[in-house]
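Just the one chain here, laid out as structure tokens, in the form predicted alone.
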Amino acid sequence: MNIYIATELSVIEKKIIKINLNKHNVYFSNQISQQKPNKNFLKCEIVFGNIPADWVQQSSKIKWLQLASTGFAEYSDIKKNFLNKKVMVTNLKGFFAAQVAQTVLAGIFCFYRGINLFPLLKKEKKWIGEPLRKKLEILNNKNILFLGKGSINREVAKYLEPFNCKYSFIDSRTKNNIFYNKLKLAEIIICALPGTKNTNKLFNVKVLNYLSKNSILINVGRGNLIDENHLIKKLKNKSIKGAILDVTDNEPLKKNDPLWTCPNLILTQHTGGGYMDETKDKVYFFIDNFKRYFNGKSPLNIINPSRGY
């Protein structure tokens, strides 16, 4: 089989692929931003990596695309991509759960234990000490609302078990009145929803106004979930305790984006799923999935194009 690798790999990672797929023709390319697909891509049945969506329309060979991400938003426009072609697409659903969950916990502790303040105080050589102690909180017994029942939120829930937190899960089937009532009570709201038409600006003005003054809003799903302009207003007015955004509507943020200077906001710059062996483990995931495909089994994490995840 002809396999096209459209993701940046180290020498060692390329060697891992060559050793494991030595009976197949493997073509490596790091130039996935180019406008036109190259000749090697056009002769491949299998692709590993996030290629430009319109490339697939230009290929008569491709049968399976293994994404190097969980997100699928760039491929959601039927007129511009391959959703009307018989191409199987798989993603990395569940791959980032532990990493993102730990980023969520780190962000929560920053707010509750004042960790976000100490680097600033150190820079200013300003000692607060005792007055700050009286403002610190603990995670125990907090009321937590999860938006999404996927692997990330399930992993966070596992980590929260020692803290005896009260939590509930919301999904697309939850009635609005239940959703709003739970929002009012929630002290921590964790969003790990996919980016679809139904979730676009889910946290609009109306929904954000249901948040309590003591709440922390966390988004580790997709950047289009939140009306950022209104969130900024609420943070500046101290209408909520804080927010943690691993994803934003525009990435990377422009220099003049108001999120940079917004108070009570932690920006983790879409690093929540990252760790030292991330790319190597993605390679192993692809190799294992390829072996399933080659042996006639269904690969893991097949995307439903009509839902976008």
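As the structure is a computational prediction, the values presented were derived from the model and not from experiment. The numbering used is simple: start at 1 and walk along the sequence shown.
Form predicted in complex with another copy of the chain: not shown, discussed below.
Asks: Answer with yes or no whether Gly221 is in contact with another copy of the chain in the predicted complex, where contact means some heavy atom within 4.5 Å.
Replies: Outside the cut-off, so no.
Asks: Even though the partner isn't displayed, in the predicted complex is Pro52 close enough to another copy of the chain, meaning a heavy atom within 4.5 Å?
Replies: Pro52 lies outside the contact set for another copy of the chain.
Asks: Looking in the predicted complex, any heavy atom of Lys43 within 4.5 Å of another copy of the chain?
Replies: Lys43 lies outside the contact set for another copy of the chain.
Asks: Answer yes if any heavy atom of Val205 is within 4.5 Å of a heavy atom of another copy of the chain in the predicted complex; otherwise answer no.
Replies: Although another copy of the chain is absent here, Val205 would stay clear of it in the predicted complex, with no heavy atoms inside 4.5 Å.
Asks: So, a 4.5 angstroms cut-off on heavy atom distances: do all three of Gly150, Pro194 and Ser298 pass it with respect to another copy of the chain in the predicted complex?
Replies: No: no residue has a heavy atom within 4.5 Å of the partner.
Asks: Considering non-hydrogen atoms and a 4.5 Å limit, which listed residue (Val56, Val26, Leu259, Ile240) is close to another copy of the chain in the predicted complex?
Replies: Flagged contact: Leu259.
Asks: Among the candidate residues Thr199, Gln102, Asn143, Ser212, which is the single one with a non-hydrogen atom no more than 4.5 Å from another copy of the chain in the predicted complex?
Replies: Here the answer is residue option Gln102.
Asks: Within 4.5 Å, heavy atoms only, one stretch in 86 to 94, 183 to 191, 221 to 229, 134 to 142 touches another copy of the chain in the predicted complex. Which?
Replies: The contacting stretch is 134 to 142.
Asks: At a 4.5 angstroms cut-off on non-hydrogen atoms, which residues of 177 to 196 are near another copy of the chain in the predicted complex? List them in order.
Replies: Stretch hits: zero.
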